[in-house]
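Next up: just one chain, as structure tokens, the form predicted on its own.
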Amino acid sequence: MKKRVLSGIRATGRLHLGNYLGAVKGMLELQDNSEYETLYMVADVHTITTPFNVEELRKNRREVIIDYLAAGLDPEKSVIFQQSEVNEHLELAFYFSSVTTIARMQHLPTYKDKIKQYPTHNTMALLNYPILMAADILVYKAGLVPVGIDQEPHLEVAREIARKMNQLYGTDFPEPKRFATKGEYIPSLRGEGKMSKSVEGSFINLTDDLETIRKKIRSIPTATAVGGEMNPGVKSLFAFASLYISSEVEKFKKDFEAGSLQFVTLKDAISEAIYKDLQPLQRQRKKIESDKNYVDKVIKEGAEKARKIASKTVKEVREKMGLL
């Protein structure tokens, strides 16, 4: 029996290099492994838990589907869908909220962090984010979720909900586990944390041209710290060098240690290597983007396949809870 896997990316913008190397490459690896049944969504409903622009969301939810397809996700091998097209996620999240306390949600570190980031946007949607995430996973009875360690508190909520539903109502939800794919940790261009769409100036879009990539890589702060040690920006730069120009890393490190490194030379070499790596994906994206009917078909059929699984789960839950 295949192990079912669910993963998704928020619709806050086109995919960037961090999404591609850190998540999508892992999705591709699972998609091509016959042991797994893979479902990949665009988490557009999760996007509205923090401030958003309506027109940008409308555009981005489709752009992420196109990025998925351009990167190699195959609708014949994986269920590729938009979260908002499957209402069962939202219905199940409400049922789950009946077994989850407000205090439990308020104590989550991710919730506290988001309130600090958006102090005027402390909404019920934000508080209930982990409940919706639990519904995303459990509506498909997915036992495996390829996410970063930062999502472990949310997965623990999903496990708690699964246990409570099973104990109270006799459902058969699995307790989902986090597992790591071979994705890379991609540092921010700002030298702090990881590459993120929510941090301006921290990311490279998969659609960026050479000049844009060069400009962004050149912006990485590389002023040498006292004592000649690598500052965070220089460490980020060498992380990119290890990924993209590994055969030249030692030479550049020696130049750095000798104090003779021309940072612009290193930055431009990295920029050209990144652009070269992205060119096949960009060419494929242009083809897919121009075929509106194909993209529409993928979205429609993906939603139908997802709903077929999700509706069965919700029907079971309604019966167990006495709502049918």
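All residue numbers are counted from 1 along the displayed sequence. Whichever C-alpha set is largest while still superposing within 1.5 Å between the two forms counts as the rigid core. None of these values were measured; they are calculated from a predicted model.
The discussion below concerns the form predicted in complex with a small molecule, not included here.
Student: Name the single residue among 72, 183, 232, 174 that comes within 4.5 Å of the small molecule in the model of the complex, judging by heavy atoms.
Tutor: Contact residue from the list: 183.
Student: Considering the small molecule in the model of the complex, which of 196, 100, 128, 82 comes within 4.5 Å of it through any heavy atom?
Tutor: Only one listed residue qualifies here, and that residue is 196.
Student: If we take heavy atoms and a 4.5 Å cut-off, which stretch out of 100-108, 204-212, 148-156, 120-128 is in contact with the small molecule in the model of the complex?
Tutor: Going by heavy atoms within 4.5 Å, the stretch is 148-156.
Student: Classify residue 302 as contacting or not contacting the small molecule in the model of the complex by the rule of any non-hydrogen atom within 4.5 angstroms, answering yes or no.
Tutor: No - in the model of the complex, heavy atoms of residue 302 and the small molecule never come within 4.5 Å of each other.
Student: Does the small molecule get within 4.5 angstroms of any non-hydrogen atom of residue 25 in the model of the complex?
Tutor: Contact with the small molecule, no.
Student: Does any heavy atom of residue 9 come within 4.5 Å of a heavy atom of the small molecule in the model of the complex?
Tutor: Yes, residue 9 is a contact residue.
Student: Although the small molecule is absent from this view, report whether residue 216 comes within 4.5 Å of it in the model of the complex, heavy atoms only.
Tutor: Residue 216: no, not in contact with the small molecule in the model of the complex.
Student: Does superposing the core leave residue 181 with a CA shift of 2 Å or more between this form and the one not shown?
Tutor: Superposed on the core, residue 181 moves its C-alpha 2 Å or more between this form and the one not shown.
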